[in-house]
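In structure tokens, one chain follows: the form predicted on its own.
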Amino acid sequence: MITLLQFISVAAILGVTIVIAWLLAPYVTGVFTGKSSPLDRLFGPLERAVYRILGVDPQRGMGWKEYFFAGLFVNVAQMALAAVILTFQGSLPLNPMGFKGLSWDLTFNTVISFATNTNLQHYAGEATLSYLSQMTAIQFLQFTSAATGICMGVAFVRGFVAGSKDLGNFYVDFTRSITRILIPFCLVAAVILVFLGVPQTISGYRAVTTVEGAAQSILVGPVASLVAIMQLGTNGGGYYGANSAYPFMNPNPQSNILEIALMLLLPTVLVFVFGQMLGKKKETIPILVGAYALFGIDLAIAFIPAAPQGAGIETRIGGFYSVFWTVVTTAVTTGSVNTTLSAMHPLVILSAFMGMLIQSTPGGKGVGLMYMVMYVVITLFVVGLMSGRTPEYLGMKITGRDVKLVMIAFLVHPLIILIPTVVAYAGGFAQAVGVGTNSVGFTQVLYEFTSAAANNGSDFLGTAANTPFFNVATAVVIFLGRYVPIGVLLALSGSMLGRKRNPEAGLKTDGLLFSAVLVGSILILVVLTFLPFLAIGPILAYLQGHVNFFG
């Protein structure tokens, strides 16, 4: 259990982050509602130049299909460009270490992973990628994937706004997400990270002689800029294979706290944006309270055992903040790690599973909000069945088609998680990378595909999973886990356009009572769906007395 001082520190970090998110929300809302800003003079000419080059009419709105496929086309084109860079990096500049190009299956996995905001890494960055690859193929995709998530979330909200005729223009939203949100926010974050000791350079690795007289390479590079977008954009893919457990990515407790706050910031901002765009700020209550109540439950589960110590725990961070980070990084689908997951207690891993399976605690920026509204629709449908009333949300009747769409979005994840997990064992692919069939081994493989499906990216296997099966299988799961739910939920939002509204009808959804019902329904849905598999994974490992996952 945590001490009073530790509880206060957690509450302070969360409280300050929520307040900052609340303060930033009007600015972000203005970015997507066309509100004039003093920054128009700076960004306006650049954005208009982009629209002219692309031949985009910024005034033309899109329906859900056009919006979704515009985003999908842009993302796939970016994957292709990144694939060329990674494949031929050995012949390209900014490669002072002389790294060769990646294999086809690792390239396939990496570009899909980073273009979908998943950032699952089956490679060690500092020993595999050139500076050009890190700054273009990797950081480039981290910006664009984060922007895509923001755009899809904002477009989804527009469908619920009274009077909306379309979901907006993807190309406009995408451009403004990068120029007005991600670049300025990341610039501030990167400067602070440099001040805290994170390196930012394009010089080659430094060869030094240690005090004992041994030769050692100091692995540096453009690290601060990557960490900024990695955490702020809920990406998670790090410059080093050890991710934020590596001292240059996360050098001290101050950087650790900052990076935790960065992960939570944009997902929380978009919760406030939801209410502001609707013109009903009270509708933020069930989304925000529901998300952080579920997050609090995850924290409570993770803090039941004593903070882990010893092998795998970074001493400069400590077991308590390692556990806190693990819960945060899986709650917001970031996937970065500041310690090895194998050092974590089974209950901490169970908490991580809950964050990835629910995906809205508060989830990734944009997509987490979409999932929470999905749960709201499911909850209203169930309550309507129990009370004999037609379910309604924001004054609009929820139809049978709406319920079918949200159930498709919910059920796609069990399928793409469990099927490849079974195939990995049935085909001997798990055993081939040294994973056993006991509770520890099953947890590791189940976690791999859960992380991929949730677009989280944290995993137990690391570079051991750099095999054709795991590279291709996780890439397919990542792709489906990203685009199927987004497409289905955008279809739900698009169906709301022009729907008749009766503001006085339906269950009140802007209070704490509905928040409690919402939390309960989410827990029941997730637990009923995944409990059998969690029972033979982390729960069984706990009952068997394991204190970590080193086997």
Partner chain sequence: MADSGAMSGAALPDAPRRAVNGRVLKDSVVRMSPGRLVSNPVMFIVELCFFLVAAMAVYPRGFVPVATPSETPFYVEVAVTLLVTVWFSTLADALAEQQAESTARSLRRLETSVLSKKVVTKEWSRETVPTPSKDLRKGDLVLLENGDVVPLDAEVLEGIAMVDESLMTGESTPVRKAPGDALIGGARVVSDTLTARVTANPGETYIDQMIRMVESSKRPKTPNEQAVTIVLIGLTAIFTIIILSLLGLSITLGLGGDLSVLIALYVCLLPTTIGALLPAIGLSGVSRLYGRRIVAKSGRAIETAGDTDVILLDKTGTITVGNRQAVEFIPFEGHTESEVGEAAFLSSWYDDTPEGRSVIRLAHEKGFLPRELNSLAPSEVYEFSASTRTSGIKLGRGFGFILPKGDKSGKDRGRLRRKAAMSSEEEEAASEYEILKGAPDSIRKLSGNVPPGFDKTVESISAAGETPMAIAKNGEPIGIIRLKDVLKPGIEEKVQAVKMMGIRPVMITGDQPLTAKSIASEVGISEYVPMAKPEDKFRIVQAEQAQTHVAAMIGDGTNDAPALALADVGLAMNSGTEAAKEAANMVDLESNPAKIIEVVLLGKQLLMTRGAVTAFSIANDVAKYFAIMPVIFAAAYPQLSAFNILGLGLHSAVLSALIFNAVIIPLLIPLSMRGVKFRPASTMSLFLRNTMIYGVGGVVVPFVGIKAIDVLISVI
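Positions refer to the first chain, counted from 1. Just so you know, these numbers come straight off a predicted model, no measurement behind them.
If you look for the form predicted together with its partner chain, you will not find it shown, but the lines that follow are about it.
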Inset, instruction - Have a look at 117 to 125, 466 to 474, 268 to 276, 401 to 409 and name the one stretch with heavy atoms inside 4.5 Å of its partner chain in the predicted complex. - result: 401 to 409
Legend entry - Among the candidates 502, 37, 59, 33, the residue which, in the predicted complex, approaches its partner chain to within 4.5 Å (heavy atoms): 502
Inset, instruction - Would you mind picking the one in 300, 426, 432, 306 that has a heavy atom within 4.5 Å of its partner chain in the predicted complex? - result: 426
Inset, instruction - With heavy atoms only and a cut-off of 4.5 Å, decide whether residue 101 touches its partner chain in the predicted complex. - result: no
Inset, instruction - Could you confirm whether residue 508 comes within 4.5 Å of its partner chain in the predicted complex, counting heavy atoms only? - result: yes
Inset, instruction - Although its partner chain is absent from this view, report whether residue 484 comes within 4.5 Å of it in the predicted complex, heavy atoms only. - result: no
Legend entry - Exercise: residue 422 in contact with its partner chain in the predicted complex, heavy atom 4.5 Å: yes
